[in-house]
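What follows are C-alpha cells for two forms of the same protein chain, given separately as structure 1 and structure 2.
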Structure 1
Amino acid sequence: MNAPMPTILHLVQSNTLSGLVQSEIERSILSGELRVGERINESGLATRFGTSRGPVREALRGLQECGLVRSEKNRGVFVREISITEADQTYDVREALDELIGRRLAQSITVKQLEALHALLADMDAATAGHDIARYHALNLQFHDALVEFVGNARLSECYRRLTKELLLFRLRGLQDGGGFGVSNAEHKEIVMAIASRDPARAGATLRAHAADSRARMHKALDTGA
C-alpha cells in the first residue's frame, strides 16, 4: 500500500520544525558545544529535540549549504573546519562587502536604525565591562546582522550571512585570543559614528578596516595557539 502524499500542513510543519532544529544545532556549533571536526549524532539530536531523524537530516542539509558542516559518505556529518587559506579568501570577499554596506548605510540610515545600533553598543559595553565573551560574541553577531539588514538588499544579506557564518568560529577565537573584545567594541563605535556622518567614503573605509582588523585578530589568535 502506497504511503499517503504529505499535505501542505505536514510540509509546513516539517519545514518549520527543521528550521528550528537547524537554528539550535547552529547555536551549538557556534557556542563550541559541538566542536570543530566532531561527528554529529543524528539519533542523539533527534532524542534531544524530541523529534524524528527527518527534521534533523533536513537541518543538517541546510547547515551544509551554509558551510558549517560537511558530509562524508558512509561516515556521517561532521562540524566543518575551514583552513586558514579558506578563511583568508572569505575575508577578501567580506572586506569588499563590508565596504559596500558602509557606503550604502551612510546614504540611507534612519534615526530609528541609528538608535537600534546605539542600543547594541550599550549592551556590548556592558558585556565588555563584565568580561562576558559569550554575550559579547552574540551581540557582535547581532550588530553586523543589523548593519546588513538595514541596507535593505535581500541578495546582499543572503550572501553576507553565508560568508560570515563560515568565519564565526575563527572570529570567536580572534575575540578571545587575538586582542580582546574591548578593541573590537571600540571599532564598532567608530563604525556607527562613520555611518552617522553620512559620508559614504568614510563609512565604507571604516567598515572595511574593521573586517581587516578582524582578520588580523584571527591570525594573531592562531599564532598564539600554535
Structure 2
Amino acid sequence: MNAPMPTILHLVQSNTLSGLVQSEIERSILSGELRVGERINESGLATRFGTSRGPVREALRGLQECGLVRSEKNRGVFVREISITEADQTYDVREALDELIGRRLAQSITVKQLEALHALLADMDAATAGHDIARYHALNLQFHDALVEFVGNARLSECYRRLTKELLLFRLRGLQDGGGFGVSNAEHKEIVMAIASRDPARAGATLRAHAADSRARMHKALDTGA
C-alpha cells in the first residue's frame, strides 16, 4: 500500500473524463486561448477532445460554479467577462484574505518554507533581469500560490485561488499589467522579510499592502490604457 506511486493505473482510476476536460478548458481560458466573452462550442470541444458532449457539459457546469464561464439558456456558455467593478470587489476580498495569509504565515512559517520562498524570489529576480515578463508572471502566481498553500488552510486556499483566477481573467480582458514588474518584486522581498520576522501584524499589513498596490497598478493601467 505505497501511496506515492503515480502509475498509469492510478491515473485511469482517479481521473474521470469530465475532470480532465474541465482542467483542459480551464487552462484554455486562463491562457487566453479562449478569448474573454467568446462563446464556447460544446460540440466543437467534444470532437476536439474526442469525447461526447456529456463530459464537456459537466465540465462547463463545474467551470460555471467556479465563475470562469457564464451560461445563457439555449444560447450557450460564454467565457466570463469581469468588469472593472467586479475586479475591484474581488480585490476587496483578496486584501482581507491576504492579510489573513500574512498573519498566519508569520506564526507558522518553517525554515524550509522560507527557503522555498527565497528561491522563488531569486528566480523572479532572474526573470526581471532578463526582461522575461511571461516567466515573471508565472513565478508571481507560483509565489502567491506557495504563500497561501503554506498556511495549510484548504478552505482559504480554495477561496484565494478562485479570486486569483477571476483577476487573471480580468487582466486577459485586453490590457497588460501597469508596469508593476520590478516594483512588484521589491514588494515580494518585503513580504518574505515581514513573514520571516514572525510578526503577524507586520506580515499581515505587508501582504495587504501588496494586494492594494496590485489593485492600484490595475487602475493605473486602465487609466493610461483608456
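Reference numbering: structure 1, starting with residue 1. Model, not experiment: these values are computed from the prediction. Take the two forms, find the largest set of C-alpha atoms that superpose within 1.5 Å, and that set is the rigid core.
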The form predicted on its own? Structure 1
Considering the rigid-body rotation between the two structures, which residue or segment among 57, 149, 107, 81 is located at the hinge? 81
Angle, in °, that the smaller rigid part sweeps relative to the larger one between the two structures: 9
Core overlaid, residue 22 C-alpha shift between the two structures, how many Å? 4.2
Per-residue CA shift, residue 67 (Å; core superposed between the two structures): 2.6
